[in-house]
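Below sits a lone chain in structure tokens, taken as the form predicted on its own.
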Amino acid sequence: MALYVVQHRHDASSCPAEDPDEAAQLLNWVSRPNAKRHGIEIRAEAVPIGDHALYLILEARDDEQVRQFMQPFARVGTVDIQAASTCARVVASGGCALPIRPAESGVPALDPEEACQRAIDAGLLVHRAHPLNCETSIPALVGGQVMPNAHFYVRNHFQLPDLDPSTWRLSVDGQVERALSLNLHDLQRLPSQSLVVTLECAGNGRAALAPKTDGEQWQLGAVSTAEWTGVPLVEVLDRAGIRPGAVDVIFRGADTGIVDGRDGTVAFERSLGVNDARGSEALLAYAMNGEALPLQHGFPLRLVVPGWYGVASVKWLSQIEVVQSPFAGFFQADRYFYEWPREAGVVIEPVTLQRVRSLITEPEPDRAVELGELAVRGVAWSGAAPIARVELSVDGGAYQEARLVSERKRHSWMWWEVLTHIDRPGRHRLQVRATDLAGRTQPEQPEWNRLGYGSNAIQSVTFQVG
């Protein structure tokens, strides 16, 4: 089905609406039930007052079908038919007159317009329509331990694969004693586990860095928590049997595309050292919050690595390869590492565990609140260790310790709250910082690095009282 904008005009001297019988006939003809009988879907209609015109947005097979349907209006005036698009499709294609770029591999992919529209309808903040990248609005974090699937932030580097679960397979090969080929049913028959895990994009908070760095300019909403269900990674690795001398385990997704500095298409792939792969509590997840894994989050299978930045949790997982030398793929060697300028030279470290961070979810920035008692709430998490404490400062004053509301968990955020008192009207500022049980705390200012990762500075929220 294609989208069309239809304009009908007629002379004021022969307005069909002035004839009750003719007006009723045209009204019945352009009704949605009648349009459906003709294979047409009416998306919207409008008549500008006093303009003697009708505008329709229609879905139809082709323009000839629209032309035939609009014949009753053509007999009393003119009909202009224009092929149309949607805002989501235009932005996904990169311009009003450009077609959407086809997928850069032979893997079927979800239409970018559909993927983008789903995100918009869910209330996500779209940073890029193609490939789709969206963050969760901070107010949406309020209300529960886990984030509903539709509101969970989305991070992609390529188009979203639309895989057929009946033909999909996970291969496990390389330096293993027994190569495996597992379908979804095979995995669901293996011992399973559910973990509540917070995933955060390594670039979360990048927009606060100065000078600006390349990459999506995430605010603070590239983070969400879900309950993931699947097979412990170690279960599959043990069944395959890792050979002595193996160094890395590569996780390869079905999403592929073109990247700077590499020839041809590359897959999204990341690795863990053998010891990390075995000791990380990673899951091969096929369910999210009690439902089948959504397509935008890696259906039919994704890796979930608790405590690590989201880049490690490869989506649309299609292959696990055990290798004897350190992996140097694009998303391992060319991206997702810290690069700091130091007096002794450039220092480089890989992006691994999430840095400690806290967010204020209430009150919202720039909102008006009443004078007197104020409840301040939010979430805090860390990949290195559970949260030890959260502290709040009002208008630059001394930090006061928050009450930790939810149960302290190793791999997911926890809720906190502070009851404070605002005794004067005007603008006020809140600052929040978290410290984990490993002794790591948030810095006052974001730590700049060339690729803009791990920015976890203390958050400030301003609001108005009175």
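Please read these numbers as outputs of a predicted model, since none were measured by experiment. Start at 1 and count along the sequence shown; that's the residue number.
As for the form predicted together with a small molecule, it is not shown, yet the points below apply to it.
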- [ ] Identify, from the list Arg377, Arg278, His157, His151, the residue with a heavy atom within 4.5 Å of the small molecule in the predicted bound form.
- [x] His157
Task: One residue of Thr198, Gln354, Ser271, Gln296 in contact with the small molecule, assessed in the predicted bound form (non-hydrogen atom, 4.5 angstroms) - done: Gln296
Open item on the list: Given that the small molecule is not shown alongside this chain, does Met147 nevertheless sit within 4.5 Å of it in the predicted bound form, heavy atom to heavy atom?
Closed with: no
Open item on the list: in the predicted bound form, does Val314 come within 4.5 Å of the small molecule, counting heavy atoms only?
Closed with: yes
TODO: Answer for Phe330 alone: is it within 4.5 Å of the small molecule in the predicted bound form, judged on heavy atom distances?
DONE: no
Task: Partner proximity in the predicted bound form: Asp248 to the small molecule, non-hydrogen atom cutoff 4.5 Å - done: no
- [ ] Considering the small molecule in the predicted bound form, find the one stretch among 361-369, 306-314, 343-351, 71-79 with heavy atoms no farther than 4.5 Å from it.
- [x] 306-314
